[in-house]
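The chain below stands alone and is given as structure tokens, in the form predicted on its own.
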Amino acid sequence: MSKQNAIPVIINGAAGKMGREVVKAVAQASDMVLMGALDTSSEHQGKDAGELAGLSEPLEVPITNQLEPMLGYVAGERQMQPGVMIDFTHPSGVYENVRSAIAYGIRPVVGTTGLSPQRLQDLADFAEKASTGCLIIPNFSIGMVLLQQAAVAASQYFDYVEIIELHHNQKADAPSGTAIQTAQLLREMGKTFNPPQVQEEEKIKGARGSEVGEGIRIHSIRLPGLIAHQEVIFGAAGEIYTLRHDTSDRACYMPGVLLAIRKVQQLKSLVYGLEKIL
């Protein structure tokens, strides 16, 4: 595929663990071209994104921390398809990153979680006014989408449920965006879960996790050695039904990331969740 027909991609957070996987995936995709690699880490400035990601040959794309010039550069490449910015950064900066990308006509695909409902709505309004596609994906794993669909189906028959999410200890936000999304899908079933059987008393605050509405609780675990894992546990008299998804390699997210890059080109507004584009 010629450069003119390829999708130009910027990766924000390119030096992180997920960012490096995305660099490799984009570099190996025949219909994409890596135009920029961004990261705020001072130790990685100027390094070749391909070499940092472990590719056998350099991509001749240096790591930089200059987001606005990079967005302007890609937006100015009029002979190419509209650009896409992948964001795997930190919750504290993702809102401004996405607004900046949309302002330049660059389509954001966001894997960073931790945005508040108000900020999500602000971004949705901004994207719609700009008629610019934006995808915010709490989890790019197709397996996780299948787990959530199974949980929704099970919720019709079980009145008791708890969600446990387990992540590495470098994850900044809790609960995870995926767990929050799973709880929201269950809440949309229009029922209240976990009717109380006793008057509970938390002797230590938070012992019963976070109540996120309709009686659903989320429990967060952070430990080195973990990547990303989630359990949805349903209970009824005499039985337990457990749904669990485990991640052992971040490469499992790349089919979802590449799908999102291709699909966001067709959108004119913000869409939340991988299941919406499958």
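So that there is no doubt, residue numbering starts at 1 and follows the sequence shown. Every value quoted in this text rests on a predicted model; they were computed, and no experiment measured them. For clarity, a rigid core is taken as the largest C-alpha set superposing within 1.5 Å between two forms.
The same protein also has a form predicted together with another copy of the chain, omitted here; what follows describes it.
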### Task
Please state whether every one of the three residues Gln197, Gly235 and Cys252 places a non-hydrogen atom within 4.5 angstroms of another copy of the chain in the predicted bound form.
yes
### Query
Though only this chain appears here, would Tyr95 touch another copy of the chain in the predicted bound form if you measure heavy atom gaps against 4.5 Å?
no
### Query
Is Thr40 close to another copy of the chain in the predicted bound form, meaning a heavy atom pair under 4.5 Å apart or at it?
no
### Message
Is it the case that Glu202, even though its partner is missing from this view, gets within 4.5 Å of another copy of the chain in the predicted bound form, heavy atoms only?
### Response
yes
### Task
Give a yes/no on whether His44 approaches another copy of the chain to within 4.5 Å in the predicted bound form, heavy atoms considered.
no
### Query
Can you pick the stretch from 165-173, 99-107, 80-88, 114-122 whose heavy atoms fall within 4.5 Å of another copy of the chain in the predicted bound form?
165-173
### Answer option from Ala75, Ala150, Ala130, Met189, heavy atom within 4.5 Å of another copy of the chain in the predicted bound form
Ala150
### Query
Within 188-225, which residues come within 4.5 Å of another copy of the chain in the predicted bound form, counting heavy atoms only?
Asn194, Gln197, Val198, Gln199, Glu200, Glu201, Glu202, Lys203, Ile204, Lys205, Gly206, Ala207, Arg208, Gly209, Ser210, Glu211, Val212, Ile218, His219, Ser220, Ile221, Arg222, Leu223, Pro224, Gly225
#### Entry: Rigid core fit then Ala179 CA moved by 2 Å or more between this form and the one not shown
yes
### Query
Quick one: once the rigid core is lined up, does Met70 have its C-alpha move by 2 Å or more between this form and the one not shown?
no
